[in-house]
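Given as structure tokens, the chain that follows is alone and in the form predicted on its own.
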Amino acid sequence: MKHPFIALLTDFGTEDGYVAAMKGRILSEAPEVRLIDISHSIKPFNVRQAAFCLNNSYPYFPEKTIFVVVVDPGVGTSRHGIVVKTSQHYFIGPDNGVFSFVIRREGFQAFRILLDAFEEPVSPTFHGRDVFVRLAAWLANGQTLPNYLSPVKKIDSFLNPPQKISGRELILEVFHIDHFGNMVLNLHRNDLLEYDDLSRMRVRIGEVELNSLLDTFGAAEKGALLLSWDSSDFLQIAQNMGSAARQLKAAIGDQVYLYL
């Protein structure tokens, strides 16, 4: 079955021609494909930012879309390339955690890419052009690629579950800080389904404690810190009309204590 859309997400920028090289290769193999740019402005080597960007976008793409993600600081090393298949989409890229959110929210099959199967030379520094988009183009043409893929049961993920200290106390971590300085935590709304009443929810980061769980930023005073669920239903610490991360001097990996 043919796949008409290929969506690209990289940290390449647009000034060096790397994205164009990948698009050219795709169109040479699958000229009828529709190419979509998710972003090429991921900070260099920032796998977590790419994973978060992918999570915010991929559920809204048409069925059969193929996503190629190339944020790959380990290219040419022992890290493997992978293809992940869900009920709706394909994902192709390095096995470095970039698909952490996909495998958290979806049932999936995963396949390791066999580099030795490629007859043409593969650049050790540009698997995006020579491996990932070629597989994407072949899948778009309806090929099944049995000679290029080997099933695997587990792939890399950086998304750690909340650490439970007691029945009503959890240790969370900041796993992403977005463009606005919102601090996204590793707690999804579904993680709290066992708790009937969240009205007493409060968090502590450093010496700061917050207990205002609000639906919108504008429900807080300008400059005030707040808690809210982000658009993908992860808990976040935000500041109305400001940067919570800057205000709290926070960084990726900082611990946050949650009390229920």
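Numbers for residues come from their place in the sequence shown, where the first is 1. Here the structure is a predicted model, which is why all the values come from computation and not from measurement.
Just so you know, the form predicted in complex with a further copy of the same chain exists too; it's not on screen, but the next bit is about it.
- Remark: none of the three candidate residues (103, 200 and 253) comes within 4.5 Å of a further copy of the same chain in the model of the complex, counting heavy atoms only.
- Per the 4.5 Å heavy atom criterion, a further copy of the same chain in the model of the complex is contacted by stretch 74-82, the sole one of 107-115, 74-82, 158-166, 138-146.
- Although the partner is absent here, residue 216 sits close enough that one of its heavy atoms falls within 4.5 Å of a further copy of the same chain in the model of the complex.
- Contact between residue 129 and a further copy of the same chain in the model of the complex is found at the 4.5 Å heavy atom cutoff.
- At a distance threshold of 4.5 angstroms between non-hydrogen atoms, residue 211 is out of contact with a further copy of the same chain in the model of the complex.
- When a further copy of the same chain is considered in the model of the complex, residue 222 lies well away from it, no heavy atom lying within 4.5 Å.
- Checked against a further copy of the same chain in the model of the complex, the residues 47, 235, 38, 68 give one hit for a heavy atom within 4.5 Å, which is 38.
- Residues of 98-116 placing a heavy atom within 4.5 Å of a further copy of the same chain in the model of the complex: none.
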